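Before any questions on how it binds or moves, here is one chain, the form predicted on its own, in structure tokens.
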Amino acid sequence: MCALQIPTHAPRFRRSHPLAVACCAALLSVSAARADGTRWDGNAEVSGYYDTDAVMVITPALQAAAKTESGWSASGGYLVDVVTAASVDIVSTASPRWTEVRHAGQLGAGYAFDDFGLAVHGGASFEPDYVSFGLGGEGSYNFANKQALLTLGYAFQHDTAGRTGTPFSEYALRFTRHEVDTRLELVLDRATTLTAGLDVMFEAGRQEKPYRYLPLFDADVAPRVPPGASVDLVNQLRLPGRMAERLPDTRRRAAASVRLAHRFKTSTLQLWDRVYFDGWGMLANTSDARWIVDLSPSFSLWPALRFHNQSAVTFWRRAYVGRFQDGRVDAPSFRTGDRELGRLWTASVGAGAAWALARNMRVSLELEGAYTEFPNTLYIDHRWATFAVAGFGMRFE
């Protein structure tokens, strides 16, 4: 399933989830698997992210999968997000730097027969102040002499957000998501494939962040608050007190994408583009290009480029106008301090390499740098970020 948004809630450390043990055991037992007609795959990777807004994320992950000649398949995965943050948004609310951990796991199974395939999957994510569960499935059909593959999928997700140290029974923001996606992959010739996709999502519930509070300004002051205004300047200009974030209770999203891949004699070119829009008024486009060059039978190298551009949601304001009077607060019904809902663009440049150490072993390394411009937000007007991932994979048949 292709998710349109990836949650980035940051949890604190807790004991390993039981699924971690299962996935580790599956990965470690790959080398001992010798079942006739069964292919076993195991992957381990560690990724890291850091940006100039003082956010750092380290993510180790494990995946294991098995597929039989009779058509059955199964997979499992587990990851841990270790997040450390002291961003300007935290500083602006006088909150201390924090480090938290998120545990997430997934399981899946499928069966393919003749030209049809069916698959189901489920996952869960646990944090002290955030819990998420999801289930889904998809069906696929091969036709036109296996030159075309049509896939239709559905996924459901239920999230509960709270505050650390407060039971969900006392405070909880609940949120559900329904997603339908369809893909059509066409084999244009022996070296070229074209894939078109459409994702539609409906979300309902409370999506605001429990810890996010916004400054309010007098009507005559708000227009004079400049983009990228510092914490000190905002504190000088804002009204006393702060307002909690408030977002609409429903959101409809849709995204259409197309991917073209062509195999040359010693290289592969991949081009991808996605157009996105939603009921909050956001429009976005993402383009990605990757050229994988085989320098030898066991070594490949690729450069990658990506550009993302989006508009702001309709209720976005750099400085929200409000009024405190007689113990009451007059403020816009919908308000947010999430700059990812504002106007922005991001340019990314990266490179990667993969080595086949043996017939059944592979290691890879990828590094990416990104620059994001925020032309209409408080506190910062740009951000630099780096992302790196190192992986190791094994296959036995």
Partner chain sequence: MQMLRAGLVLLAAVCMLPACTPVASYERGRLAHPTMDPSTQTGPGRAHLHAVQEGAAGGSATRAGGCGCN
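Note that the structure is predicted; figures quoted are calculated from it, not measured. Positions refer to the first chain, counted from 1.
Omitted here: the form predicted in complex with the partner chain. The next part is about that form.
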Just to confirm, with a 4.5 Å cut-off on non-hydrogen atoms, which of Asp294, Asp129, Glu208, Glu100 contacts the partner chain in the model of the complex? Asp294
Of the options Ser92, Thr286, Ser75, Gln157, which one has a non-hydrogen atom that comes within 4.5 Å of the partner chain in the model of the complex? Thr286
Using the partner position in the model of the complex, report whether Thr38 sits within 4.5 Å of the partner chain, counting heavy atoms only. no
Residue-level question: is His308 within 4.5 Å of the partner chain in the model of the complex, judged on heavy atoms? yes
Any of the heavy atoms of Ala66 lying within 4.5 Å of the partner chain in the model of the complex? no
Can any non-hydrogen atom of Arg183 be found within 4.5 angstroms of the partner chain in the model of the complex? yes
Contact check in the model of the complex: Arg317, Val329 and Ile380 versus the partner chain, with a cutoff of 4.5 Å between any heavy atoms. Do all three pass? no
Can you check 231-239, 163-171, 84-92, 276-284 and let me know which stretch has heavy atoms within 4.5 Å of the partner chain in the model of the complex? 276-284
Just to make sure I understand: among 159-180, which residues lie within 4.5 Å of the partner chain in the model of the complex, judging by heavy atoms? Arg177
